[in-house]
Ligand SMILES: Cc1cc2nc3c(=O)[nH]c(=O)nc-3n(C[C@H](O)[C@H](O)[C@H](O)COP(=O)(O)OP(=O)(O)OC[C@H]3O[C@@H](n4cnc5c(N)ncnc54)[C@H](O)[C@@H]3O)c2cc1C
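Single chain ahead, by itself, as structure tokens, in the form predicted on its own.
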């Protein structure tokens, strides 16, 4: 529909134009969009700070281990509440995940957390074959009030935000997109976006 996809790393912004910041990329390109949405998960914090906006956002790191040939089959996801982990089917394999770790964006993964979850799972799932398991760590963008940041910038009228969904990014993605699309198009939103505005962190 006339769109253009540019794969590049955003380094920062030029804010000489107080109404329309330019995006500065690693390839030295300067892009001046009519509208800009920052939706970079846990990395959104540094981008907001470069625009002079305060946001309380931290990476809540989660771990999992995917077992390609577990030697057992589960017909549904199992949540182990007391042990704080989940086992899910992934194709013919199993994924064992959980944990919450606050260690920032740059610290190396501590895969002992993934391995510990697998050890606990073996006590509940006799016959579980954990050979060739693959460990993974990801960043959940979390705020202190557990609400995402959705809506307009407090400083630039052409900048919008959509991040901070914690554990529920995929769950809330479609609703967030609909709400933000209505805000950008100046339509009446499906619900009041005020509780999600970035200015709440200024109080």
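Numbering follows the first chain given and starts at 1. Here the structure is a predicted model, which means the values were calculated and not measured.
Quick note: we don't show the form predicted in complex with the named molecule, though the next part is all about it.
Although the partner is absent here, residue 184 sits far enough away that none of its heavy atoms falls within 4.5 Å of the named molecule in the predicted complex. Although the partner is absent from this view, residue 9 contacts the named molecule in the predicted complex, with a non-hydrogen atom inside 4.5 angstroms. Of the heavy atoms in residue 55, none are within 4.5 Å of the named molecule in the predicted complex. Shown alone here, residue 31 lies farther than 4.5 Å from the named molecule in the predicted complex, counting heavy atoms only. For the stretch 126 to 149, the set of residues having any non-hydrogen atom within 4.5 angstroms of the named molecule in the predicted complex comprises 136, 138, 139, 140, 141, in sequence order.
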